[in-house]
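One chain comes next, on its own, written as structure tokens: the form predicted alone.
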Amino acid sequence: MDPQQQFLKKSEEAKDLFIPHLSTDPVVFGFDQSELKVLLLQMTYRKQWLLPGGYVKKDEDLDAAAERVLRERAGISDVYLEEFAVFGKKNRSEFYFEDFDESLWHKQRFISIGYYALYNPDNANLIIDEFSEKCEWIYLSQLSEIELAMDHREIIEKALLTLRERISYKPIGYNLLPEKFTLSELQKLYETILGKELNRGNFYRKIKNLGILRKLDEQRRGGAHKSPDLYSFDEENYKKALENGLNNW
């Protein structure tokens, strides 16, 4: 069965399960080699790349839908998710589904709820669902080289802007860094997200004053210079900072 016929068959089977005008599109950011990545699917139909999104079931909460979609389409679970924007321009999906009849429910106007998620790529055992050829982490610096469907480039750009705004009053890093890290590695993460260099002394002082770090009795071995101290996040204080914001940042 060709990809278009397969899609039509699954569409008919699923149309009674989902709200026809509502979807969710999680933007999952990862951090690797001092660069940000985003998780994308390359679809069998049209060979374009998409966010791992999907439709919302009629008996499902929005947050639960975003979690389910990520689990079913990419194999990712236990991920930090936060709603950040609504996307509802008319004709968002018409071109993508131009080969199909106008009666296709996917082709009708629909609104998508954008979520951003933070996830360590080293913890991911990615899967490929029945509609996709690939499920991969793509560096943000490479996005200009691939064809993104619908308005998903706009969604990614908005998610990154939101992440940059929220980094000023919410902690970032728990889901992106390994369990043990140095202050310079944490600073590099912040610089990568913000797109600019930060003063090392000011950053170290501010981040330590937040109370979200726990200094370990270990050092990073193997460098040419003095071995830097290792840190981990204080999970309880980190969660409080997520809920209440950063008072001393």
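All residue numbers refer to positions in the sequence shown, first residue = 1. Note that this is a predicted model, so its numbers are computed, not measured. C-alpha atoms forming the largest set that superposes within 1.5 Å between two forms make up the rigid core.
FYI, the form predicted together with a further copy of the same chain isn't displayed, but the following is about it.
This chain appears without its partner; in the predicted complex, the one residue of Ala85, Leu81, Leu160, Leu143 with a heavy atom within 4.5 Å of a further copy of the same chain is Ala85. In summary, among the residues Leu118, Leu177, Ile113, Ile138, the only one with a non-hydrogen atom within 4.5 Å of a further copy of the same chain in the predicted complex is Ile113. Heavy atoms of Phe181 never reach within 4.5 Å of a further copy of the same chain in the predicted complex, leaving it off the interface.
Among residues of the shown chain, Leu230 is not one whose heavy atoms approach a further copy of the same chain to within 4.5 Å in the predicted complex. Using a 4.5 angstroms limit between non-hydrogen atoms, Glu60 touches a further copy of the same chain in the predicted complex. Ser168 belongs to the set of residues with a heavy atom inside 4.5 Å of a further copy of the same chain in the predicted complex. Only one segment in the set 193 to 201, 66 to 74, 46 to 54, 26 to 34 has any non-hydrogen atom within 4.5 angstroms of a further copy of the same chain in the predicted complex, and it is 193 to 201. After superposition on the rigid core, the Cα atom of Asn209 is displaced by 2 Å or more between this form and the one not shown.
After superposition on the rigid core, the Cα atom of His21 is displaced by less than 2 Å between this form and the one not shown.
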